[in-house]
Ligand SMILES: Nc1nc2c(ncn2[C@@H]2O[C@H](COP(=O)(O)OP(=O)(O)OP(=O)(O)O)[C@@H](O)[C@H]2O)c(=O)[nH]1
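A lone chain, given as structure tokens: the form predicted on its own.
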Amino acid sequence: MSSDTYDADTVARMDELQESEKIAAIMRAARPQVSVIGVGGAGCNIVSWVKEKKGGISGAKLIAANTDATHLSIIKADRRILLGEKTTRGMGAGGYAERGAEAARESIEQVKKDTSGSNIIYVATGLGGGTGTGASWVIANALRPSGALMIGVVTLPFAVERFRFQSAKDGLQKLKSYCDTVVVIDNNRLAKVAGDLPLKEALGVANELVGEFVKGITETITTASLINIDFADLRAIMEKRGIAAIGVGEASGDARVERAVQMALDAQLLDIKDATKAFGVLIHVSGGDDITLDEVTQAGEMITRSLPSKARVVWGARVEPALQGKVRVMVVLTGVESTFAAEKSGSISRMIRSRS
């Protein structure tokens, strides 16, 4: 039937519907595709925590990759990959990074297949062991030609794990070479945040922190939020920026924003040489239904006042019903210099003593 047979109001509504459908289609096509790969035991635990405790990440695929078949069997993920079936026979890398790297090379085509089409790829792992340290950089290097923004999220060993330090340092240097940005979390600093929690719960803090970072940033890009983060802006502050440090603060009650911001700035989870020399800062604010736009703006203004005027700032905010009455502020400084990463190999023992 010709549109000539409809009255003007009907034709206008049809045009509006077509325009809405067109915009929706463009929006779906423009939404970044995201993959999160947990590599090794610690990385898989992070992915499993997000899947089980947080119901996954809207707009992202959660992938667990490990050489240990027994551990992998209990992990919750959208996709599980046993790395190096022939290399390790499902028995793990035994703490040898070279074996982890070899296992990743054996299974790299499956990793490429499962991350195909991704615009953002997170590689989450714990450094200092075999699979995570060896396989993570091999995976990042193999996925670089895809053009995706490659973000590493890693934890460093505790000071008591002295034999793992050099391995972690080598792994970080390699991963940094193949990722745009590596967000580094020092477990020793995290332990201070966890306080006197039992060991299992304290270790869970790392899972939660990394999980909240990846989930918060991803969903603020891929879904409607109070203030969305633009993918192009995220790329601008993270592309080829080296090391990044993260700080998190959470508060409730009076002056909750001020206290959460101060905590996030004071409790950076990596020893960095000079925060004021950061290239850029990513600010993420979340709270319950009671959070206001004024509070979000206040958080952003407080943080930017503490940074040099040339620093590039990207910020977003989301409503999280579980945070009713609370405000959580996450600050990520990109392009910083880490004491750990810059320390020469011969000074490792001296650095360990200073961190113990």
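Numbers follow the displayed sequence, beginning with 1. Since the model is a prediction, treat every value here as computed from it, not as a measurement.
Omitted here: the form predicted together with this ligand. The next part is about that form.
Screening Ile63, Val331, Val327, Ile46 for any heavy atom within 4.5 Å of this ligand in the predicted complex leaves a single hit, Ile46.
Contact with this ligand in the predicted complex, defined as a heavy atom within 4.5 Å, holds for exactly one of Ala42, Ile291, Ile57, Ile303, namely Ala42. Using a 4.5 angstroms threshold between heavy atoms, Asn207 counts as touching this ligand in the predicted complex. With a 4.5 Å cutoff on heavy atoms, Gly242 does not count as touching this ligand in the predicted complex; it lies far away. Heavy atoms of Ala93 reach within 4.5 Å of this ligand in the predicted complex, making it an interface residue. Although the partner is absent from this view, Gly130 contacts this ligand in the predicted complex, with a non-hydrogen atom inside 4.5 angstroms. Only one of 266-274, 131-139, 174-182, 72-80 lies within 4.5 Å of this ligand in the predicted complex by heavy atoms, and it is 131-139. Contacts between stretch 278-308 and this ligand, counted in the predicted complex as any heavy atom lying within 4.5 Å, involve no residue at all.
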